[in-house]
Each structure stands twice: as C-alpha cells, then as structure tokens.
Ligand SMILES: CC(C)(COP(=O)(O)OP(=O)(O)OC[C@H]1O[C@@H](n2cnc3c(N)ncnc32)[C@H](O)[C@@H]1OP(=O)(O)O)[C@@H](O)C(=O)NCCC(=O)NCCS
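Next up is one chain by itself, shown in structure tokens, the form predicted on its own.
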Amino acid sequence: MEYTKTIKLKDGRECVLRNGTRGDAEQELELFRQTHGQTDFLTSYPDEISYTVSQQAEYIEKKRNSPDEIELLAQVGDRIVGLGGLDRIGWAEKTRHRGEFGVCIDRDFWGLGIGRALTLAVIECARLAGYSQLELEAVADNGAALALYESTGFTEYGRNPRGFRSRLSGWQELVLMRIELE
C-alpha cells in the first residue's frame, strides 16, 4: 500500500508522511530503539529489539508491497521522527476484518501534530484496505495518547489490568480501544 502526504507542523515546519524504503531501514530501526527508550508506554524496551538493518529493510519492503498493511514514517527534513503502522490481526475469515494500529514518535517532536497525522493516515489506509475495525492498546496512564485516540474516533471497549509488566513501575493497565470504519 502506497501513501504520501505533506503536513505542516504546529511549529511551521513541514513533515512528510510516507512509506519507508530499504534505504530508510537503518534510521527507522534506530528511531524504533530510541523511542522505546524514551517512554515506558510502548510494548518493548530497546534491548529487546534485535532486528538487523537487513531484517528491517525486508520488513519495510513487505509492508510497502502489502495490499492491506502499511508502515508509515514521518520525516522532518532528512530526519525520520515517527512511525505508524497497520497490521492485520488475523488471516482467518473471523478476524480478517480487524486491523491493529501502533505509533511511536521521537520525544523531541511530541506535541507538534505528528501523532495525530500518523493516526489519521493509518485510519485512512485501514479504510482503503477494507478493514471494518481498527484496534489499539494504550497504557491507561498515558493520558495524552488516550485523548488523541478519542479525538480521532476511537472508543474504549475494555481494560486489561495486567496488560504490561513494566521494569520501572510494575503492572500497567491497558485500555483497549477501537474505531469502526464502515
């Protein structure tokens, strides 16, 4: 699935939302590790991310060629500062209508509108891919993320009180959210 869009950030800079390429693999992987060390709200820690640049390049290429999954990057100047993705939850008939959303943004670029832009872009891609529901999980203490998701149409449908086991804070409750796309 192909996607490209240029947005203006709150500070006036331009940000390009686009598919990654093989040439972006090293910078994407570094950003992924970096963002996972900047907050305790993401699914893994930097030391758990063991992909090689070559594996990341293959992943990017797979997503780029997929008709119903996507990995988008947010680029400011020549720097990749955010990632947003859409993954199919399952291939079986009973679950193939459901997609899963995830996003990470470099802390230096929080509050500029990149998270909203990536969220809306992934929602748009999910609709184009024919999903009828997009889902996500967010740590209950992450009020900024929850507010963003609610403002883009996601609603809470449940909670998992022991969704994450944080090295820093122990159990973290996850808020399960979804948006209907049709």
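A residue's number is simply how far along the shown sequence it sits, counting from 1. Remember, predicted model here, so these are calculated numbers, not experimental data.
Beyond the structure shown, there is the form predicted together with the named molecule, which is absent from this document and is the topic of what follows.
- Though the partner is left out of this view, Gln133 does not reach within 4.5 Å of the named molecule in the predicted complex, counting heavy atoms only.
- For Arg159, no non-hydrogen atom is located within 4.5 Å of the named molecule in the predicted complex, even though that partner is not displayed.
- At least one heavy atom of Leu42 is located within 4.5 Å of the named molecule in the predicted complex.
- At a distance threshold of 4.5 angstroms between non-hydrogen atoms, Tyr149 is in contact with the named molecule in the predicted complex.
- Note on contacts: among Ala138, Leu31, Ile60, Ala121, the single residue with a heavy atom within 4.5 Å of the named molecule in the predicted complex is Ala138.
- Note on the partner interface in the predicted complex: the residue among Val53, Ile49, Leu128, Ala144 having a heavy atom within 4.5 angstroms of the named molecule is Ala144.
- Of the residues in 94-121, those that come within 4.5 Å of the named molecule in the predicted complex through at least one heavy atom are, in sequence order, Val103, Cys104, Ile105, Phe109, Trp110, Gly111, Leu112, Gly113, Ile114, Gly115, Arg116.
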